[in-house]
Every structure is written in C-alpha cells, then in structure tokens.
Ligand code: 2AM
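What follows is a single chain, given as structure tokens, in the form predicted alone.
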Amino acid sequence: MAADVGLIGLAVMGQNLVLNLADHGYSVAVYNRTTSTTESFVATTTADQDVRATTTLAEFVDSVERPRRVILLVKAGPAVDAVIEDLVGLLDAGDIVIDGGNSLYTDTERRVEGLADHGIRFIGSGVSGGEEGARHGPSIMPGGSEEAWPHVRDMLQAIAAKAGPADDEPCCDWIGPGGSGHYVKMIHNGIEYGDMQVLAEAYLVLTAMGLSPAAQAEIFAEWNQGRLQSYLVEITSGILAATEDGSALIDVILDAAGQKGTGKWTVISAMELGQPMMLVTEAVGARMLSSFVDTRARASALLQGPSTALDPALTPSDVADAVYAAKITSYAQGFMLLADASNSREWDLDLASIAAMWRAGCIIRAAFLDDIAHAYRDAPLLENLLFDHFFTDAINGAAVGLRKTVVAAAAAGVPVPAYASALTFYDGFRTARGSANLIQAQRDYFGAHTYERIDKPRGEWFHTDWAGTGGTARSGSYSA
C-alpha cells in the first residue's frame, strides 16, 4: 500500500515533522539526498510509526499515494528550485507539492505559477515552532493553489498546535493565494526579531540596574505569569538561570547575533509598501551592529558616553511596561503591513485568523495574541490595532513606563533602539500635526515637488517660487 504522504529533506525540522505525522497515523515515505541519513533516521523510528525509506526520487514518488502529497523541507532558495526541477518529470497532474521552508514569498508565487503549467498544485507554507514545534505541533500557514487545500487540510490541521479555550482549535488555516502563506510567515519572523530585541533590551537595562542574571531569571519568570506570558519570555528566564561551572552561562556568550534573512525581507517589504515597520527595522539593525564585535571593542575605548548611572527611580515594573508597550507597537506595525499587503496583492487575508494561528506552536506565541484575534474578530476592518479599545487602554497605560525606561537608558548611555523606536512611533502616531510640512516645503524649494495646504482640500497641489528665481515649473521627473 502506498504511503499517505512523502517528505523530502531530513534535517532537524524534516525529521521531527515526519515523526509528528507518523504519530497522527499517517504513513510517510521519506527521501534525503544523503542515503545514509535516510537509513539512520528510519532505523530510529518505532514499530508504531509507519516511516518508509526510499533511496531515489523515482522510488520516492512511486511510493506515495495519488494524488501525491509531497512536503519539501530543504534550504530555502536554489535548493528548493533544484528539488522541484527533479520532481516535475516524475509527478502527475493533480499532485501537490508543499514547501514548508522559509522561502521568500515572491519565489513561492513564481513556483505556484510555474507548477500550474504542469498541472501540479503548489502550496507555500510557513511552519513555525522550531524543532519542538515540528515534533509536537507547529503553527502552519499554508497558501498558494487553493484547490489543493481540501486534500491537505485534515493532515496539516491534525499535526498543528492546538489553541483556544478547549485547546481544540488548530493553529493552521488557509491563508490565501500566491505567496501569501510564506508572506505571513515572513511577517511572523519579523515580529519575532522585534520580540527578541525587546527582551534583550530588558536584559541590558536590568543589568544596568545591578540585577544579576539569576535575579533577572526570577523577574522574567514572574512576567511570564501575567500579561507578558509568552514562549520567548519563558525561555529567556531559563537562559538567564542557566549556569556553567557555577557562573551564569549568559555572561560567556559572545554578543553577536546571527540572522537568516526573514527579518530583512520584512523590512524591505515594509519599505516597498510605505509602511512604518520601525521596531523590526531597529531590531534587524541591532543584529547587524552586534556583528562588529572587534570594531565596537575599539570604539568603547575611544568614544565617550555619559558618566551617570541608570536612574535609581527606574523599576523592573517600568521595564515590564516598556516591554509590553514595545510589543504592542511592533504587532500594530506588523498587522498594518499585513493589511496593506493583503489589499495591494488582493489576498483577502483574515487578520483575526492569522493572530489565532500564532497563539500556539510558533515562536512568538503569547497570551495577548488572543486579544489581537478578538480585536479583529470584533472589527474585521479595524484600521489599526491601536484603535481597538483594549489596546488603546493598554498602550496608554504602559507608555508611561516605556518613556521612563527610554529616558533613563538614554541618560545612562544604555542603547535601547527598539524601545526608542516604539516610543517615537507612539508619539508620532498620536501627533496630529508634526514636522513633515517643513520637509515638504524643503522638497518644493529645491525640487519643485509641490505641497498640499491645510486650508485647501486634499489632492490640490501648490508650488512656491521660494527664491524668486525658479518660475512656476513643477517637478514631475524625479523625487527626493
């Protein structure tokens, strides 16, 4: 009897997803380019887990029931295209290929269209949760060829994490057409960058307050019992509590953070759409700056900072407010970007459903995702998350601690780019009239780019001959 599903790529995520499928009663054919990896992995499975090794792609394809469901968990980029190219000649019309890696959404759109020419249905699916999630239930975000969804729905929802009051709502639902599934996963990862930076800044501020890693571990554990409850807060507590030879392990870890590109992709997409994904932008920049370890060491001996210590009036409670306000700001920006991308690409994204899918299994799972889901369920056309009454009250309350933290950190020379960005957005967003009128006047002065007036209807454009030498010509050929 043919296998229910096939999976290609037996690295950590692939192996754990196979075991998850097998535990849910699915027979799985597996293939890896290195045959020894396939054989050693299958040898570790139990008699109750129907996992079948194959040694060639042809054997692999022949061993999967039609219409075939083939999951790819290989490195994003050219490797995915290479596997697809090898598969195309072996698959039949109506077969389904699911890319579960972190592919760029534009690559997914290209693959959806390209495989449709062969009659093959393609799904680009974000899978979040790391090794643990893949094994016991990730958040799964599928999009692409919608006609494939009925053939994979039960399987993907069975292996997904569960949330809701009775823990019976699968963190997996259809996202939309084209590359929407991978786009939503990209935004998830961008928000993840922001969450991690926000918590890293809390660690830095608490350290400047004189608190040891062990003391901070207790603070993070306490935070995890309330409004800041999340997977990342939980593991941060565990990290800060870890010791090696009696000393805090965190103190010997080099402060240089890596990245794989999804945060940068989020920032690029935000800039293309004109959306202020400011906090994630700062988080990506902070990782980049962290990589200059030797340069920063030289700079620390040359560049002067304030000699003042951190304001003793600042409390861990203020820092908790800063974390909460910054997170609210970051998610508000993320959902602004999702809404804009949905409109511009005609994806018709269900923002409430996306928030619900992130409640369990994924890296950014957190208690307040329930609040986000409720906000968009109550008002599907909600213009901005900060306009929901719950989040209006929440950020108005937490902004006081955010401001105190930013002021204290700046005065003491402690870098908090995510907090500063969150506060700048909050203040800029609530400012009815800012400084952009001067910028537009400057643009009109040097480039005749024109401007709108507050005493005229929007859409009417005016130009001033500021220097008295430019005449009435207006710019239409370039912008600055």
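It should be emphasised that the depicted structure is a prediction, and the values quoted were computed from it without experimental measurement. Residue indices: 1-based, along the sequence shown.
Just so it is clear, the following notes concern the form predicted in complex with the ligand, a form of the same protein that is not shown.
Counting only heavy atoms and a 4.5 Å cut-off, does the ligand in the predicted complex sit next to every one of Val319, Val406 and Val414? The answer is no; none of Val319, Val406 and Val414 reaches the ligand.
Is it the case that Arg153, even though its partner is missing from this view, gets within 4.5 Å of the ligand in the predicted complex, heavy atoms only? Output for Arg153 is no: heavy atoms all beyond 4.5 Å of the ligand.
Can Val74 be called a contact residue for the ligand in the predicted complex at 4.5 Å between heavy atoms? Flag for Val74 set to yes.
Just checking whether Ile268 would be counted as a contact of the ligand in the predicted complex - the rule being heavy atoms within 4.5 angstroms. It does not: once the ligand is placed as it appears in the predicted complex, Ile268 has no heavy atom within 4.5 Å of it.
Test of understanding: in the predicted complex, would Leu90 fall inside 4.5 Å of the ligand by heavy atoms? No, no contact at 4.5 Å.
Heavy atom contact within 4.5 Å of the ligand in the predicted complex, the stretch among 28-36, 47-55, 436-444, 61-69: Comparing against the ligand in the predicted complex, the contact stretch is 28-36.
Of the options Leu289, Ala367, Ala79, Ala410, which one has a non-hydrogen atom that comes within 4.5 Å of the ligand in the predicted complex? Spelling it out, the residue with a heavy atom inside the cut-off is Ala79.
By the heavy atom within 4.5 Å rule, which residue out of Ala148, Val83, Leu382, Leu349 makes contact with the ligand in the predicted complex? Of the candidates Ala148, Val83, Leu382, Leu349, Val83 is the one lying within 4.5 Å of the ligand in the predicted complex.
Would you give me the residues of 1-20 that have any heavy atom within 4.5 Å of the ligand in the predicted complex, in order from first to last? Those in contact are Gly9, Leu10, Ala11.
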